[in-house]
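Shown below, as structure tokens, is a lone chain in the form predicted alone; questions about how it binds or moves come after it.
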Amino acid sequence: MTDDYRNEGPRRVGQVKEVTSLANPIIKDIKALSQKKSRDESRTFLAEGLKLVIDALDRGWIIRTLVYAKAGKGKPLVEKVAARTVAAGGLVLEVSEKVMSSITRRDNPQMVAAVFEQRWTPLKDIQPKGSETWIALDRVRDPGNLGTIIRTADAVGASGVILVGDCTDPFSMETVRATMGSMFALPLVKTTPADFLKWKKSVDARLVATHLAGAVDYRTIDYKSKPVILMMGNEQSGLPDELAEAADKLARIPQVGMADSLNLAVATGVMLFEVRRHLLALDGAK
């Protein structure tokens, strides 16, 4: 990515750059974030939606560039986000509908999108304790699955998601959309199988893995006495032996009918709500 928008000198709060051309170099840089190489090189990613952007800012995420469609001009929440962005050193672009559609690759785009700095948590900093639940995903390949799992993990109050091995990029546009903003609420970790296994030995937590060879009904496992690391395998091949053998418990979800397996995100959701069942209650429930 070019540094055109980072070398313009100090900008006063509220200053906005108008862009109507798809050939603008800043717009080209933002559009390039659809490619993993550009996201990796710039350590940024694109997210859409005003509520999502506000939630991310409130959680301390840093916006490099805020983009809003002309229809958002003068709207109080948009103006407030723009002011917060510039005050933090970011750039604000007011763009045409055509440019916004091009950036988001949607015919009916959201009014607001933003380029955020990526955020990763080192595995060595994770020390599960109390009633925490961490999700470890081995080579998850589908962006929709990963995004849905992150959203579900947030919904059940899990502590974070650990990506093991060659996983799909959590900062891809498809994954970010599928998280519905939940990616801003949870730590993300990436690691190798070897480092994960080494880390597992150093923490006092119960590693529960789903496996076709699992002889234990997932509803019979003790999820209360220790923090839980829930490990789920690759969509096609499941868990490799080295990871399955490291589990304290191998679990299986009973099934009837003709389907021989569950979608990874669905299976993870089923497991997470069982792992966290003793901690979940409806508001006002006794």
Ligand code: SAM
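The numbering used is simple: start at 1 and walk along the sequence shown. Quick caveat: nothing in here was measured; it's all calculated off a predicted structure.
Keep in mind that the form predicted together with S-adenosylmethionine is not shown, yet the notes after this line are about it.
A heavy atom within 4.5 Å of S-adenosylmethionine in the predicted complex is found for exactly one of 239, 30, 53, 67: 239. Between the options 71, 88, 194, 212, the residue in contact with S-adenosylmethionine in the predicted complex by a heavy atom within 4.5 angstroms is 212. Only one segment in the set 55-63, 42-50, 241-249, 228-236 has any non-hydrogen atom within 4.5 angstroms of S-adenosylmethionine in the predicted complex, and it is 228-236.
In the predicted complex, at least one heavy atom of residue 264 sits within 4.5 Å of a heavy atom of S-adenosylmethionine. The closest heavy atom approach of residue 220 to S-adenosylmethionine in the predicted complex falls outside 4.5 Å.
Proximity of residue 35 to S-adenosylmethionine in the predicted complex: non-hydrogen atoms within 4.5 Å are absent; the residue sits far from the partner.
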